[in-house]
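First, one chain by itself in structure tokens, the form predicted on its own.
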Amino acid sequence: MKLYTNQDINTLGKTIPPCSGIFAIIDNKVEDYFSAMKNWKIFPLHASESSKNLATAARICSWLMENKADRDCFIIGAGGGVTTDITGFVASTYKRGVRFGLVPTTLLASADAALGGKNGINHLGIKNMIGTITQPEWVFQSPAFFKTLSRRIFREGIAEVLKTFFIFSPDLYGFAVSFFSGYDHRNPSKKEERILERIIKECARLKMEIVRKDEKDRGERMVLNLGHTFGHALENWASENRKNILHGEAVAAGIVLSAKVCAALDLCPKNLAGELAEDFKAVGLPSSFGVRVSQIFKAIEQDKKASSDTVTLILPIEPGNVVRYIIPAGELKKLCSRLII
């Protein structure tokens, strides 16, 4: 996979390999950015977690068939994580797999969803329950998109940046907390723009380094799930109860809860969860939503990383040190009985 970073969107056409036709799945919120590409076939996607499902994937496949997309076509997905996830899923399954590239337009997608080849859709209320691991030909990153985002949408991406740096680089973690604490993404200075570009590039480099070692997520790559088992369960609860919790917000709360569990197991300092909560607060992220873990435990047991009677957690010990911990579901439920997320 090639990674094009800090690119001018007008150069996007130069990255597309020879193909029989270009088919773009574009989040309708950013469709105007691609107005110069009128020769593409465009499927405008109303992207949301509720639309990230088999029905939407089927509609896109029908659209591809109606427009005579063959196995030599090239598919582009442009938008946030929902768009990149569903594009990768469709491209990796349509006609048993066609080439595709991704243009993430949010910090969250640039730091996480568009990288690593995980493509998926939600099913029966569980996030990414159906999917593939298939790498795109390239990912095209252009931070110019970020200025169009609301403060909340931009900030949720910070959670994934901090997660990656916490796992792999204590120095970068501390630097990123300090940088984002005073960063206005809509009115950055030229110096701040360059720093953000370097942060995104370094985040992508660290993630792709671990993906190359364990593409299928069977070993080392699993550390990237820090905060996600609890975070995804919180998102499922929010969807069922019509609460508005964004993915990055849920991940931040999930990381803090992971630290609480880690401390309860005597694997990390008792104050780690509080320190993490303060870091997330500093960058504008919530660290808890006041939901009892017992309310989301069914979704935890249904998580993709869970077996019939155990749950695999990634637990934070300290910046630069996380561990994979397999725990019986019953023991985890008892341990979390009084905890909140």
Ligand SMILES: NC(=O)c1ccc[n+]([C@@H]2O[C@H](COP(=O)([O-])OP(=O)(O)OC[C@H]3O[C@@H](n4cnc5c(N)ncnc54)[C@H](O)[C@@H]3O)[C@@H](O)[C@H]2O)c1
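The numbering used is simple: start at 1 and walk along the sequence shown. Being a predicted model, the structure only gives us computed values, none of them experimental.
The following text describes the form predicted in complex with the ligand, which does not appear among the structures shown.
- Site residues Leu64, Gly77 and Thr87 are none of them in contact with the ligand in the predicted bound form, judged by any heavy atom within 4.5 Å.
- Checking Ser239, Thr93, Thr148, Ser169 for any heavy atom within 4.5 Å of the ligand in the predicted bound form turns up a single hit: Thr148.
- Only one segment in the set 292-300, 311-319, 271-279, 43-51 has residues whose heavy atoms sit within 4.5 Å of the ligand in the predicted bound form; it is 43-51.
- Taking the partner from elsewhere, Asn128 is found to have a heavy atom lying within 4.5 Å of the ligand in the predicted bound form.
- In the predicted bound form, the ligand sits within 4.5 Å of a heavy atom of Lys118.
- Heavy atoms of Gly254 never reach within 4.5 Å of the ligand in the predicted bound form, leaving it off the interface.
- The closest heavy atom approach of Ile153 to the ligand in the predicted bound form falls within 4.5 Å.
- Scanning 97-111 for heavy atoms within 4.5 Å of the ligand in the predicted bound form gives Thr105, Thr106, Leu108, Ala109 in sequence order.
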